[in-house]
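There is one chain below, alone, in structure tokens, taken in the form predicted alone.
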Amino acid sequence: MMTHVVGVELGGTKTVVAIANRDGILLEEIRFPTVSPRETVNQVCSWIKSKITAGDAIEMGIASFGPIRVDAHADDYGRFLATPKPGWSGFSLIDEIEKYFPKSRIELETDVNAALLGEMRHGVAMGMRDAAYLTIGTGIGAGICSNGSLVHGTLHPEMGHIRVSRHPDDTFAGTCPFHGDCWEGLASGLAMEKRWGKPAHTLPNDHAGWDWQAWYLAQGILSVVAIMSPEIVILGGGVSQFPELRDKTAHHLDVLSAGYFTFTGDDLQLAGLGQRAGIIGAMELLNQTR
């Protein structure tokens, strides 16, 4: 009997599944849209079953969008909470997967914490014990590691919903269905698209939207710095790929810091693993001791 290592990155828009042997050699990977809960899980598990021999064992690391209960001791472990993604609130991800793979080892973590773990094992945060990972995409999510341990609390970090000061020229109401103009409501990829009437990646480099975006990002990052004093803050997600966004944000961060913090704009870095941080981190969850 062979044991296979499986990583699942369950995102709000796309799902990635990878399978490797126990030596960590990647065998195959697939990507597909995240649709309804049971349809998505069926596609994940059916693909895995098609790649293994009957009787083989699997160990699965799952990096999921949230909010989702990641406390393995909680009665609702693996269940989605009040997520804005239609149809997913209340869905028990772990229970559904265990129907396909009963008694298999499954490790569940948020997508951002898993991405941070990937960066700490193989990316720009190697050798560090205090780090934060921010993904700026459809929403804003945060992964936090303090003194070598991923942070959860009673739920998990929800930095996207902190309050930030509105840009003086910004009259946009915000996109968050719960809070309107929270950080995510003003600075996510969805917020940029709704504010400017087109997807962020189509805005020209000299568009005012990028200066506003950097201004909003710097405010949220300053809160992360003030709360946890990380060695590094890592920017991930689709919006972070804009060529000058890191430098613009670093500038605003230094201005807002006013020389008070030892953390500077130089400590703000793009994800070294790029868009693969999440799936690599999902597989690394199987080597993580909680």
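What you see is a predicted model; the values in this text were computed from it and never measured. Numbering starts at 1 and follows the sequence shown.
There is also a form predicted in complex with another copy of the chain; it is not shown, and the following applies to it.
> Please tell me whether any heavy atom belonging to residue 47 falls inside 4.5 Å of a heavy atom of another copy of the chain, as the geometry stands in the model of the complex.
Contact check for residue 47: no, nothing within 4.5 Å of another copy of the chain in the model of the complex.
> Verify the contact flag for residue 127: yes if a non-hydrogen atom of it lies within 4.5 Å of a non-hydrogen atom of another copy of the chain in the model of the complex, no if not.
No, residue 127 sits far enough from another copy of the chain in the model of the complex that none of its heavy atoms falls within 4.5 Å.
> Tell me, yes or no, whether residue 156 is in contact with another copy of the chain in the model of the complex, where a contact means a heavy atom of each within 4.5 Å.
Output for residue 156 is yes: heavy atoms within 4.5 Å of another copy of the chain.
> Taking heavy atoms only, is residue 144 within 4.5 angstroms of another copy of the chain in the model of the complex?
Within the cut-off, so yes.
> Which pick from 163, 194, 201, 122 sits with a heavy atom within 4.5 Å of another copy of the chain in the model of the complex?
Only one listed residue qualifies here, and that residue is 163.
> Identify, from the list 226, 57, 27, 35, the residue with a heavy atom within 4.5 Å of another copy of the chain in the model of the complex.
Residue within 4.5 Å of the partner: 226.
> Within 4.5 Å of another copy of the chain in the model of the complex, counting heavy atoms only, one of 243-251, 57-65, 35-43, 226-234 shows up; tell me which.
Residues of 226-234 come within 4.5 Å of the partner.
> Going through 232-263, which residues have a heavy atom within 4.5 Å of another copy of the chain in the model of the complex? Please give them in sequence order.
Sequence-ordered list: 256, 257, 258, 260, 261, 262.
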